[in-house]
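Only one chain comes next, encoded as structure tokens, the form predicted alone.
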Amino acid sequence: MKHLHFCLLGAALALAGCTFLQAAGLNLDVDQARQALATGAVKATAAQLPIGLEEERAYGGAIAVKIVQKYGGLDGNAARGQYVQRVGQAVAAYSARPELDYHFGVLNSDAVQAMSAPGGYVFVTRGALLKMRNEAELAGVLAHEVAHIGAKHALGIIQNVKSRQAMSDAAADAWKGAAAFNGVIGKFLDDYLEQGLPKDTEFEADRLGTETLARVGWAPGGLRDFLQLLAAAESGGDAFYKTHPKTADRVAKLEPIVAALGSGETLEARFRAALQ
């Protein structure tokens, strides 16, 4: 069955995939999110209700805009971005929420970082990408971020922020306005961009992402191997280490999971060719 999945992976990578956040600028999806951020065009009738898909996309799109702005825009290498997009789409096809419209982009930053936003937005920095040694490592990092989206880790935090803020509002209709929408985004980003998600959700995303690699046919140790590489140079000053648990702890938790999942493909040659 793993070989069948890997054949499907090859077919997915042969497709052009949808392009997102290309060097020419932000596409319509993010333009719409920017408009939502400015106008508060979120169709929520009550802050206490679970966040639906349309609202998730609005929040996620607005967060994606902020991430792109914080990390200096998008990397100008279109071929590199398209390759990440195709690998990401193959990951997403075997994720917990394959029905989402996923978008993958490379951030124009030499920092080592990867981030995601609700609704299907996933980013990796150029600095992280150029440290990777094969496709399994790239897929592992993307699978970790896709796992956050699948498990609704960030969305749960946004829901809590939204509910707490609503308790201080005099009228539920306030949630139809731009100020309330901007307030939720602002409060979430204040913590997320500086501190990251809770440690338990990071460990869960490591496990879920690693299991996804095995289902598709990549070497399940892809994420672990990349984390081992980073652990050797761990420093408290780097954004990645400030927003994630200690790398050695993540590696230790992944070891038995990887061992139980068997082997797979690393695709080092294809990775090198795609990044030339």
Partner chain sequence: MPILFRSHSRLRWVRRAAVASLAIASVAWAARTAYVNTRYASLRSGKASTDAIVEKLSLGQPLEVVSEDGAFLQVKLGSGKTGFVARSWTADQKPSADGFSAQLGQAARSSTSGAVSYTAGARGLSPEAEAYASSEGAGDAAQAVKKLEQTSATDAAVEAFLKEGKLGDWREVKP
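As the structure is a prediction and not an experimental result, all values here were calculated from the model. Residue numbers count along the first chain shown, from 1.
Keep in mind the form predicted together with the partner chain is missing from the figure; the text below concerns it.
Exactly one of the stretches 199-207, 125-133, 89-97, 140-148 approaches the partner chain in the predicted bound form with heavy atoms within 4.5 Å, and it is 89-97. Using a 4.5 Å cutoff between non-hydrogen atoms, Val251 does not count as a contact of the partner chain in the predicted bound form. When the partner chain is considered in the predicted bound form, Arg224 lies well away from it, no heavy atom lying within 4.5 Å. Although the partner is absent from this view, Leu74 contacts the partner chain in the predicted bound form, with a non-hydrogen atom inside 4.5 angstroms. Although the partner is absent here, Asn182 is a contact residue: one of its heavy atoms lies within 4.5 angstroms of the partner chain in the predicted bound form. Residues of 50-68 that come within 4.5 Å of the partner chain in the predicted bound form, judged by any heavy atom, are Ile51, Leu53, Glu56, Arg57, Ala58, Gly61, Ala62, Ala64, Val65, Lys66, Val68 in sequence order.
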